[in-house]
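The form predicted alone is given below as one chain in structure tokens.
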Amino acid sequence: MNTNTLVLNNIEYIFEDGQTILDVARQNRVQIPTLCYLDGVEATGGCNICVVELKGEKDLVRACCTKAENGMNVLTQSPVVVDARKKQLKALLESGNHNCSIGSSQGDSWTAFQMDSIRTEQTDALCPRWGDCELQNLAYEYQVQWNRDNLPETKFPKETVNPLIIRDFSRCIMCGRCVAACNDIQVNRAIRMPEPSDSQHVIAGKKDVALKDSDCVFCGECVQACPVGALLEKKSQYVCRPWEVEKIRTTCPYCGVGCQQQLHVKDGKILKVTGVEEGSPNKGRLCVKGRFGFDFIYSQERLTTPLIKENGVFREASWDEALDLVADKFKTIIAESGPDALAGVSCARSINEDSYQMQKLFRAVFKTNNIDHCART
């Protein structure tokens, strides 16, 4: 049996047919940076950040869309590769309003801006994704020097009319990840990359409308896929920085699918929810309720203790008293009218385990099959 091997940075690795250089590198924990690559969709190679050097070849190749071949000798951090990445990062930073907090303008004015932004944190001059931006991370890593003095004019106004998502076209690098997330992962097909005849920005709908006027269902998959500050959760803009929050993994409470969530918590309060990329069954995907529907937790209208109605008036009760009352009522109904006088409906927001326990209660304990599941969304 023939074994496919290639060399990455002077170390030989085995690979399978069909894998790309990037696949082999990630499989073996060899770092190759990317900005446009999105797991689960076909690579486009649009950002040119993942370029690598093939020994014996004149031109650099893109690791995300170059198939691994037996005997390849690949360098991922050679001087020519690093130089190419720095040039591309510089071009991306200068293409829009990427005011990252990196010392790249060389001057007291930049330091003053940096320190003022750190103090205020609410300033519009500082990107809301500051500290949580893949482009910024790479700019730090490669120590990119770039000119902030001549930022290009913003051709498209910030789109803030949507209920849950802000689109800031001035920070978009046209990587296409949001489009891939919408079209190929969630299959909502609400946005698309522009045609040559279109204005050069991501298009929503057929006639370039706001997200709220398109087929967008506000699942937020595009926001999670965006590597920069072009797409933002409206609720969590400027409310925290990534190092201030504790990330807690949990299961979405809205239905029985069991989607894995990452809660971003500060001072005991949930400020933001993202999908767990490696978590099954959703693999990072969430619906609009799972990603944005957490405000009810802090509603003043939520009941915090059981209530028992007596003489037409509710009074507070303990859980033991309330459960004993319900159990006694059930026993009385069964004794007087038989088990089929009872029926149960499991809430659509129940997790599978709770629905299973409820049907077990009705069928095994109450001896009736009058149990159903409410499919209301």
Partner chain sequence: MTNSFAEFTDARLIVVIGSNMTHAHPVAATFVKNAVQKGASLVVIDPRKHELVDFAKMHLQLNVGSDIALLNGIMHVLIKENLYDKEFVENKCTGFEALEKVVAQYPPQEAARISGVSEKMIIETARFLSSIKPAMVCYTLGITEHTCGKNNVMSVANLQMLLGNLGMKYGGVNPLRGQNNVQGACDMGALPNVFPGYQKVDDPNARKKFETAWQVENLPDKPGLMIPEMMHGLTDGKVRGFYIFGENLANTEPDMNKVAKELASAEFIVCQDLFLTETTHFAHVVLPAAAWSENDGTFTSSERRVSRVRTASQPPGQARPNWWIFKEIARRFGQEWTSSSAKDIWDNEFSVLAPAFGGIKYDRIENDGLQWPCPTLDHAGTPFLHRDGNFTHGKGIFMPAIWTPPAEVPDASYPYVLSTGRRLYHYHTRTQTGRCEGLNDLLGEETADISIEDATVLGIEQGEKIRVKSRRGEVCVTAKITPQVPKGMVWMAFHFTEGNSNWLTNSALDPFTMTAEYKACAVAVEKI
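These figures come from a predicted structure and were not determined experimentally. Numbering follows the first chain given and starts at 1.
Although it is not shown, the form predicted in complex with its partner chain is what the next lines describe.
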{"property": "Candidate spot 260, 352 and 358, all three touching its partner chain in the model of the complex (heavy atom, 4.5 Å)", "result": "yes"}
{"property": "Its partner chain contact in the model of the complex: residue 268, any heavy atom under 4.5 Å", "result": "yes"}
{"property": "4.5 Å heavy atom contact, residue 163 to its partner chain in the model of the complex", "result": "yes"}
{"property": "Partner proximity in the model of the complex: residue 336 to its partner chain, non-hydrogen atom cutoff 4.5 Å", "result": "yes"}
{"property": "Its partner chain contact in the model of the complex: residue 139, any heavy atom under 4.5 Å", "result": "no"}
{"property": "Residue (of 189, 87, 155, 207) lying close to its partner chain in the model of the complex, criterion heavy atoms within 4.5 Å", "result": "189"}
{"property": "Partner-contacting position among 231, 133, 202, 216 - heavy atom within 4.5 Å of its partner chain in the model of the complex", "result": "216"}
{"property": "Contact segment among 46-54, 63-71, 311-319, 27-35, judged by heavy atoms lying within 4.5 Å of its partner chain in the model of the complex", "result": "311-319"}
{"property": "Stretch 329-345 - residues with a heavy atom within 4.5 Å of its partner chain in the model of the complex", "result": "329, 330, 331, 333, 334, 336, 337, 340, 341, 342, 343, 344, 345"}
